[in-house]
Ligand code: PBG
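Encoded as structure tokens, the following chain is the form predicted on its own, with no partner shown.
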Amino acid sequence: MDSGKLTLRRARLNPLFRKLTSEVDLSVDHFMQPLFCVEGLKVKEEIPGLAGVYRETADSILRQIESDLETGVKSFVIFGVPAQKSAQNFSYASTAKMISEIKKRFGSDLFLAVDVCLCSYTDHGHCGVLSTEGDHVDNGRSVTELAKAALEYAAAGADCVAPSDMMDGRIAAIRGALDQGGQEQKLLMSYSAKFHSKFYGPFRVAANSVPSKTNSLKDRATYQIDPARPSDALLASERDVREGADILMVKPGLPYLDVLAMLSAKIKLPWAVYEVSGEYAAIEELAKAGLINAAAAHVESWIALRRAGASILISYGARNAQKWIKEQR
């Protein structure tokens, strides 16, 4: 035998040694569970493609959180879905009330982030207020509304506000509103690198936020990042750091591993990554067809996201993470 020959398989033979030498740590502590709370909903509803995830009622969401805490999940991001939609002059009262009820019930036992966007509130489904002509999203008016919503959510008890709209300047406006409104200790998690992706389908059903199509505004390409322009993700993330973001995010996850790796190497803040609904549903659908082991595939995906630099994993399977990780190790 050539003593100078590189031999790698020897270190892979013993399963305990494989665990001992693992370079990527994966724990339920890294996860956030998304939750959808729908105002006026009487009975919780299944979400197509997202097995075990529901559009929750005001009552069922509290029971679901209690169940999730028992699985080891301690962090959540909530999406409020109001009963009434409009073009402007939005009310954030239903989401704020839900935040208050959750924190009253569970207090410091959980970390609660709240999505800040207008897509579920607008009658057209876009992430901001439209111009009078309806041909584009008005950045300034949208930012004003987002800052108002963020402050209301923080005052209701949210530990973190998470703007996902992709308007210019919204981090500075929200940080300013929080600081001036006595909420300066609340964290700000920016969806700084949110791409114009085709993987958001099940989420838009859950959040009732499918954007309408007009002759001049067919989708969200005018404000979400072009998948072919990763440099915009760096520029937006650097800007959001300057404006006061505490946590940054890449969304979606697997299709943008290169972007996550690049950004997390350049900017030394905590990085979240959102394993979006289409990514999660793709694995679930493969499993239904008998073509993949769902638990093993989810864990493999999560390891890839951690490997690329994510500190925080936002996944619809967070409530299964502890069980699935244990099964695969």
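Remember, it's a predicted structure, so these values are computed and weren't measured experimentally. Numbers follow the displayed sequence, beginning with 1.
Below, we turn to the form predicted in complex with this ligand, even though it does not appear here.
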item: Single option in 256, 76, 200, 121 placed near this ligand in the predicted complex, where near means a heavy atom within 4.5 Å; value: 200
item: 167, 154, 147, 117 - the one with a heavy atom within 4.5 Å of this ligand in the predicted complex; value: 117
item: In the predicted complex, segment of 291-299, 60-68, 38-46, 276-284 with a heavy atom within 4.5 Å of this ligand; value: 276-284
item: Partner contact for residue 239 in the predicted complex: this ligand, 4.5 angstroms, heavy atom; value: no
item: 4.5 Å heavy atom contact, residue 127 to this ligand in the predicted complex; value: yes
item: Residue 92, heavy atom within 4.5 angstroms of this ligand in the predicted complex; value: no
item: 4.5 Å heavy atom contact, residue 103 to this ligand in the predicted complex; value: no
item: Heavy atom within 4.5 Å of this ligand in the predicted complex - qualifying residues of 173-196; value: 191, 194
